[in-house]
Every structure is written in C-alpha cells, then in structure tokens.
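Before any questions on binding or motion, here is one chain by itself as structure tokens, the form predicted on its own.
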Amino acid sequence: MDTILKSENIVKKYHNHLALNDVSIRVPTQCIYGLLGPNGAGKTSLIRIINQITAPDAGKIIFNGKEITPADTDKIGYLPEEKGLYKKMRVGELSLYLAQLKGLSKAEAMKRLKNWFEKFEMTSWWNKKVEELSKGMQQKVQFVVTVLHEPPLLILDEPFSGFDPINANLIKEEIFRLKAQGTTIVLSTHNMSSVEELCDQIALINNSKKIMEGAVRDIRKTYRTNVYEIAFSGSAIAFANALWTNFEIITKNDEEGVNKVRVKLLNNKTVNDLLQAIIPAVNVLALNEVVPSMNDIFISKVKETELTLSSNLTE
C-alpha cells in the first residue's frame, strides 16, 4: 500500500514540556486515518508540524516520498479546530480570497465556489458577514474553503463540532466522496463513533507517545474478548445449567420475553462448543460476537499507559 505521509521519530519540546516523544506514523494513500488521543496528548503539535506551522526538534515529515517543504502546504487542506475566519468580511469575498491564496485563479475559484455553495445550500450567505452566521454555518464555510483547491491530503481537526446531525452527516458523505476520488484524510477527533464509522486506520497518541497504530478492523480483532451475546427463548435456569466451567455468564437481561445473555468462552472453547451445550436446553434465536468498540479500546489503552507511567514515576 502506497504511503502519502509519514512522520519519522518526531520530537517536539515547548520549554519544559515534551509534546511529542519519538512519534512515527504512516498514513496510507486514499484512506481515512484517525489521529486519536486525549486532550494534551500531542495530536495538535503533530498536525502543526505537518502543516509547517512549527518545526520539530528532531525527526522529519515525509510527504509523497520526500521530506516536506513549505511549498507542499498547497497540496494540503487544513481545517483547524480553532476556526480562523475574518468576522467582518463577507462570506463570498472571504471564500474567494482564501481560494486564491491556495493558488486558484479568480475565475476557477468562482466556478468551484458556486458549485459548493449550491450543494451545501449556502448561496444566500454570499453577501452576509461572517459574524452574522451561526457556528455551524461558519464551520460549513470553512470546510468548503479547506477542500476547494482539491488537495491530495486533507487534515480535519474535530470537523463535526458545531454541526447538527443533518449537517454532520452531510460532511461525512463529502469525506467518503473525497476518499473515493483519491483524497487521503487525516481525521483528528475525540468522537469514537466517528472513528468506527469513518476511519480505515488509526494512531493513538497519549502522553506525547504513539501507543497504537493500525487498521481499525485489525485492532478490534486483536482486542476481541471471546464474548458472545445469545438471544433465546426458554428457561434461563435451563440455559445456565447447560453451561459448565468452560463458559462464564457475564451479563443477562430479559427483553419482552426474550432472554439475552453474554457468555465468555474459556479454555479455548469454540462457538460450536457453546451451541452444542445450549441447543438441547433452549431455543436459540440469535448469536453475535461482542467485539470491543474503539471507544472501549481507546479508554483501555489510555488507562494502561497512565498506569505504566504512574508505576515508572514511583519506582
């Protein structure tokens, strides 16, 4: 798989604070790559280095196979979490100005802006001042000017903040469409449901270090817990009696006469072993593996690294 962006052993210090400690990530071409981590973990510092806003103290950024230069920022679209629109300017004037800063001619910028403003139902905003728009409306404008020059790499920092569900879904659809057209998207977010829904790959940064990286599908498989949810009709007591020491009941509840039980497989037992045990006792309606969510994995890994750090400090 081709790689559009790599960070190699990035170190960044601010006074006495170590923001990034030997951080290396690899972003495959034409994927949605989630950059995850708690507040203060180092995500924004890495994004600022990629965008040439600040320089690393050690390490380097590789973009399209070469060490990145300031000129490469024209090939990157960056939507920061802190929005930077000029409040007193009119929306159309500002959008045109920002488009030309990214190298578009006035005629081409006008053509593309017309298409985007019609698509996002923003045409009536053209002569409004930015300060007259709601936070969500301003976010829409900024998204448009971020993607307008059609860069091969987009970096979106909390792109859904300020949006209602309808407009958040509109942006998600555009992210999928841009990916299908060849764009690579780096998505920095705290929203784990967005990660589940959108991301192909993720990196988790905590306390200035990368502590996990890989495909979302593979990471979830790695953290599977051999827990299955079974829906059945019949006697819950008969169900429990059918199990032996190779299975452990984790949770159970009754929904409108249907029993739902989560069972953990022990001692290398298989799903077939579980079914053979319970089918004679109850009527099995459904069986599904309970795969940990990215939110569960995120919390688990962050707690794990916090405990390790705390242990190291007390030794």
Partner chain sequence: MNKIFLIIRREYWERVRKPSFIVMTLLGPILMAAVFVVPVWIAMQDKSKHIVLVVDESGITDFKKMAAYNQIEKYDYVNMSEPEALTQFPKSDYTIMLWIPKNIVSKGQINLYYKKSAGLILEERLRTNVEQLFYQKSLEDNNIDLKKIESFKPRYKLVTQKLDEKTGKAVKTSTQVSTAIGLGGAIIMYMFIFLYGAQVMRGVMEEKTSRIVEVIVSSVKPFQLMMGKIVGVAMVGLTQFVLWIILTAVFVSIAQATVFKGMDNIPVQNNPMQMMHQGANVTQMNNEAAQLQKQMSNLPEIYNDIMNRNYFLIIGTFVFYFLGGYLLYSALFAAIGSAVDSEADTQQFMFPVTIPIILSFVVATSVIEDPEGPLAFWFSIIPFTSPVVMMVRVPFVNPGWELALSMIMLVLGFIFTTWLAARIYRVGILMYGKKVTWRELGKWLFYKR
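Keep in mind that this is a model prediction, so the values were computed, not measured. Residue numbers count along the first chain shown, from 1.
In what follows, reference is made to the form predicted together with the partner chain, a form of this protein that is not presented.
Only one of Glu93, Glu229, Asp164, Glu173 lies close to the partner chain in the predicted complex, with a heavy atom inside 4.5 Å, and it is Glu93. The partner is absent here; in the predicted complex, the one residue of Ala236, Met110, Ala215, Leu101 having a heavy atom within 4.5 Å of the partner chain is Leu101. A residue is said to contact a partner when one of its heavy atoms sits within 4.5 Å of a partner heavy atom; Leu85 meets this definition for the partner chain in the predicted complex. Put simply, Ile53 is close to the partner chain in the predicted complex: some heavy atom of it is within 4.5 Å. Heavy atoms of Thr73 reach within 4.5 Å of the partner chain in the predicted complex, making it an interface residue. Using a 4.5 Å cutoff between non-hydrogen atoms, Pro80 counts as a contact of the partner chain in the predicted complex. Only one segment in the set 216-224, 101-109, 236-244, 192-200 has any non-hydrogen atom within 4.5 angstroms of the partner chain in the predicted complex, and it is 101-109. At a distance of at most 4.5 angstroms from the partner chain in the predicted complex, none of the three residues Arg26, Lys114 and Leu148 contributes a non-hydrogen atom.
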